[in-house]
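Given as structure tokens, the chain that follows is alone and in the form predicted on its own.
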Amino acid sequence: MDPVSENRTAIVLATGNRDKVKEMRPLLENISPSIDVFCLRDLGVEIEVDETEETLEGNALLKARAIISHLAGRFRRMIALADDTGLEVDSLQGAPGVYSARFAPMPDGRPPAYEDNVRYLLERMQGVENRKAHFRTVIALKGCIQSAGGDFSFEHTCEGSVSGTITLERTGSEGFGYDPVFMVNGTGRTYAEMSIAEKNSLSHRALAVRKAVADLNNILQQSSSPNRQPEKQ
């Protein structure tokens, strides 16, 4: 069992995506002085979860559950935080949605890279006037907290969404994924033209994480009363 787990709560980011970790970690590290934030790489863990659900909520929960199951017994107080994010384009009837990370068809069968997905999206959008789109992130929280008063477990989801438009071409060099072609409403800029700090002030993922942080504070307070279980969302 990890030494930090006896009196502290470990939040484990259920992703191997370094870019996501880079964005989310700063939003979580100041929740409480008794919380430690880990990514899978920190723990020497490699887990690939097949995203077989048809909703962002379903896939986020799949990943959170997988981390809790894999790390069972390693921490006395552990919360898995997983996200699934989709770009939903109005003129494509909500596509790519849950398939955002694997949108572009690849002749050789390999998973598409960021650049492949962006290229394919721009190809699909050629000549399309309605370029409205929405970025949506669902955060799943699954926890198991052991204490002298008994075990406390929970499962919870929350989400954040930002509206924008798909640009005609790539703009900016920051960020990842579809950031160079998603212009955020009211800013006149794509995510790729923003610093991490600026993106974290308004992005869909940041909004979802902030909701998760607020919910976590309430959940951790409830964990001191093991007979009170938060409802599943």
Ligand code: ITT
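These figures come from a predicted structure and were not determined experimentally. Residue numbers run from 1 along the displayed sequence.
One more form of this protein should be noted, the form predicted in complex with the named molecule, which is absent from this view; the next part is about it.
Look at 68-76, 151-159, 83-91, 124-132: in the model of the complex, residues with non-hydrogen atoms within 4.5 angstroms of the named molecule sit in 83-91.
Residue 177 belongs to the set of residues with a heavy atom inside 4.5 Å of the named molecule in the model of the complex.
Although the partner is absent here, residue 100 lies within 4.5 Å of the named molecule in the model of the complex, judged by heavy atoms. Of the heavy atoms in residue 120, none are within 4.5 Å of the named molecule in the model of the complex. In the model of the complex, residue 222 stays away from the named molecule, with no heavy atom inside 4.5 Å. Proximity to the named molecule in the model of the complex holds for none of 8, 30 and 215, with the criterion being a heavy atom within 4.5 Å. In sequence order, 199, 204, 205 are the residues of 180-211 having a heavy atom within 4.5 Å of the named molecule in the model of the complex; the partner itself is omitted from this view.
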